[in-house]
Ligand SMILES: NC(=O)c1ccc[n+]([C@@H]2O[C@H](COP(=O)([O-])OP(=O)(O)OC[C@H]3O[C@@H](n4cnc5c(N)ncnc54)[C@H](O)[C@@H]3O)[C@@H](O)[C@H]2O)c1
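Okay, here we've got a single chain as structure tokens, the form predicted on its own, with questions on binding and movement later.
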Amino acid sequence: MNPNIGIFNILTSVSFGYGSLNNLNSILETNGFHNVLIVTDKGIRNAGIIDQVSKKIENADITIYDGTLPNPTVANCEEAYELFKQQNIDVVIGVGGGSPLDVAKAVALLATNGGAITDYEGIGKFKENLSPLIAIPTTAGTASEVTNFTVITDEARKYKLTVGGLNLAAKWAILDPTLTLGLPPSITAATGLDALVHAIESYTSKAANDITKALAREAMRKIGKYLRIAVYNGEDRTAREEMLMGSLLAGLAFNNTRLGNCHAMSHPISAVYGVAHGVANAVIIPYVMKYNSFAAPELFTDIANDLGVNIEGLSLFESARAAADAVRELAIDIGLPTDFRLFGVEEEKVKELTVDAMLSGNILVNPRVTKANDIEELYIKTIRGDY
């Protein structure tokens, strides 16, 4: 057996492409689902996307929970779960970016396991399979529709907790690029950069294998080519389709490898300061790539190539550094910040942030061995803009 081939899992049936939303009613009718709970947020509902989804549902009663916050909370999970119980729901449909999809996963877990979502913090802490769950993403970013994790903010602790397990995945995912066509440029930028970070951190993960690396590299090529176009010409159907596929491929990769220091560091920033997850990743990733490039220069040279960087004449380590520079340049081009000065992140909070970051399992698969003082130094650089 090739030692570079590890375990690869996907438990979700994926429908992809323009018009794939038309498959929704068939899923419902084939499985005899009659009481639907749609989990979403007010932005998605106000944009008319829930109306588009509801029109595809012909013979089922629909209940809508639209209270999901940008960084979804324990309270969001509790509120949506109450609706599930009150309305005798038999299928949950998550519609939106990663936040509604994560809440939908939490509801589907609680429906069969009971208790509170905080009871299941960690990996493999629940016993029963999820209640039937359909995931319909409206952003090309988190790939939560195919991953075995949900990330929820515990506001009492100001901490983002992760619940994971092999069966914590939607049974069906419908990825219709039509639903991303009206996405505002700022959200397109933040979620698209998040997808790129997924691909980068999966590719360089210590847990990567030949399958995940192939998926991650193709994701980087697609996102590197089409993200700018999707941001500045959101009606470009090819760009939207390629970005959604890039996000999906990155999700399939990192779902089997975990991520790295960037995600470990971004979750505390989002939990404490309310910075959108994709924006936090956009700030942190060039600093982490530069830090990691010394440990895995060949991998980062591959990334530079996949992002279209001309590395002719550069040394191995110069080529690796060029990958970090390319991602930083991409973030600037699409209007994302390069440090945390705008968000009021305080240097005196760095030790507290570091404690939370070091709890993440992502640190363990980061390509460069990382200690707490390394994370502290990286946080300081992102706060000062000391690239």
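Just so it is clear, the structure is predicted and the values come from calculations on it, not from any experiment. Numbering starts at 1 and runs along the sequence shown.
Below: the form predicted in complex with the named molecule, not depicted.
- A single residue from the set 330, 44, 28, 320 has any heavy atom within 4.5 angstroms of the named molecule in the model of the complex; that residue is 44.
- Checked against the named molecule in the model of the complex, the candidates 89, 179, 110, 289 yield a single residue with a heavy atom inside 4.5 Å, and that residue is 179.
- Only one segment in the set 142 to 150, 225 to 233, 299 to 307, 124 to 132 has residues whose heavy atoms sit within 4.5 Å of the named molecule in the model of the complex; it is 142 to 150.
- If you check the named molecule in the model of the complex, you find no heavy atom from any of 202, 260 and 379 within 4.5 Å.
- Residue contact check for residue 215: none of its heavy atoms lie within 4.5 Å of the named molecule in the model of the complex.
- A residue is said to contact a partner when one of its heavy atoms sits within 4.5 Å of a partner heavy atom; residue 183 meets this definition for the named molecule in the model of the complex.
- Put simply, residue 49 is close to the named molecule in the model of the complex: some heavy atom of it is within 4.5 Å.
- Using a 4.5 angstroms threshold between heavy atoms, residue 67 stays clear of the named molecule in the model of the complex.
- Scanning 53 to 75 for heavy atoms within 4.5 Å of the named molecule in the model of the complex gives 70, 71, 72 in sequence order.
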